[in-house]
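Before any questions on how it binds or moves, here is one chain, the form predicted alone, in structure tokens.
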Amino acid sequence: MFSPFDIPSGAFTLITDELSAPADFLLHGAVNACLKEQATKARVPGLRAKPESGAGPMVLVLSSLVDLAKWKAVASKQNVNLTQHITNGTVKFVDVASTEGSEMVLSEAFNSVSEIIRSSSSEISERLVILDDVSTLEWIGFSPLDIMRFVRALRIACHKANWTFIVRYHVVTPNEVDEQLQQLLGICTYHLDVRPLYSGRSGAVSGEIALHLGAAARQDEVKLIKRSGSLQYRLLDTGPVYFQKGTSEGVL
């Protein structure tokens, strides 16, 4: 789902990014990869991977600022008909901030999401919840305590049902870890750290990514990427191209 990062399904992945290196491409890539993988399995004889009518969503995107036009445009470039998936219910966007500063909104959003998770078909192998993003919820008036309660509750619900859980957090001050980020790092399984090139802008490189083990991980199941050897990427219309640090040719 996070190619070329070998993060297993069912994990809680925290994605951090900065204003000059937004991680939108990772979120779009995760959703599109999930839908493509399910479609591929549905075409394999003997695999009951195709969702039946009423099986519920495969992908839930929880956000306070959803740009559906952008989501659809990016999906189209990756050969995914997102409009069709939204229409047939396999993808659902949930507005978690319909009323600013209301504690009941997060509670009601969680009740809605947890009910979808509980009632979803067990025949769907790849299922995904994305919370995009924690920082914006705080900026529009939700308290840090309520936000963390919301994230923890979603984490537990996803873990019980083996749904992959992704949370994005915008870092305002580079190289500083505030209290909320510290709490998120303490409960995630993996941490994808997306940063710009601090050495300066480059036409060949859009940014770089490190993959760290989260505090909640039981063991090192994947190949981690240290910041000193971070993977660099260049964003194209068709998606990101990854390459080793110090080169400018796509190798992954």
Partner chain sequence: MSSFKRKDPSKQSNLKSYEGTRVSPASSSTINTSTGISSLDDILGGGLPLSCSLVIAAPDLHSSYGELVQKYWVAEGLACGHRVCVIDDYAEDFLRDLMWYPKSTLSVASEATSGGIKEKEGPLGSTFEDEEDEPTPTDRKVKIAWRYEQMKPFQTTVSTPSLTSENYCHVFDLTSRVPTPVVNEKLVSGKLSLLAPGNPNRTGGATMSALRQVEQVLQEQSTVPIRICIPSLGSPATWGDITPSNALQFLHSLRGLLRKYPHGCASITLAPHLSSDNWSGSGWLQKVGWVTDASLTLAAFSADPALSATFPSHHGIVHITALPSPSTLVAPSDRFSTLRGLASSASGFGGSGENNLAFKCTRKRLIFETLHLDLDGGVSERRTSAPSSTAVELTTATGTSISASAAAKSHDHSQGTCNDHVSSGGPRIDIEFEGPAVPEEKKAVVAGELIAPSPQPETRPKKPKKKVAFFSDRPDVYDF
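Residue numbers count along the first chain shown, from 1. Quick caveat: nothing in here was measured; it's all calculated off a predicted structure.
Absent from the display: the form predicted together with the partner chain. The rest refers to it.
In the model of the complex, no heavy atom of residue 243 sits within 4.5 Å of the partner chain. Using a 4.5 angstroms limit between non-hydrogen atoms, residue 136 touches the partner chain in the model of the complex.
For residue 231, no non-hydrogen atom is located within 4.5 Å of the partner chain in the model of the complex, even though that partner is not displayed. Using a 4.5 angstroms threshold between heavy atoms, residue 70 counts as touching the partner chain in the model of the complex. Shown without its partner, this chain lists 78, 112, 180, 120 as candidates; in the model of the complex, only 78 has a non-hydrogen atom within 4.5 angstroms of the partner chain.
Contact with the partner chain in the model of the complex, defined as any heavy atom within 4.5 Å, is confined among 149 to 157, 112 to 120, 85 to 93, 165 to 173 to 165 to 173. Although the partner chain is not shown here, in the model of the complex the stretch 16 to 30 places heavy atoms of 17, 18, 19, 22, 24, 25, 28 within 4.5 Å of it, in sequence order.
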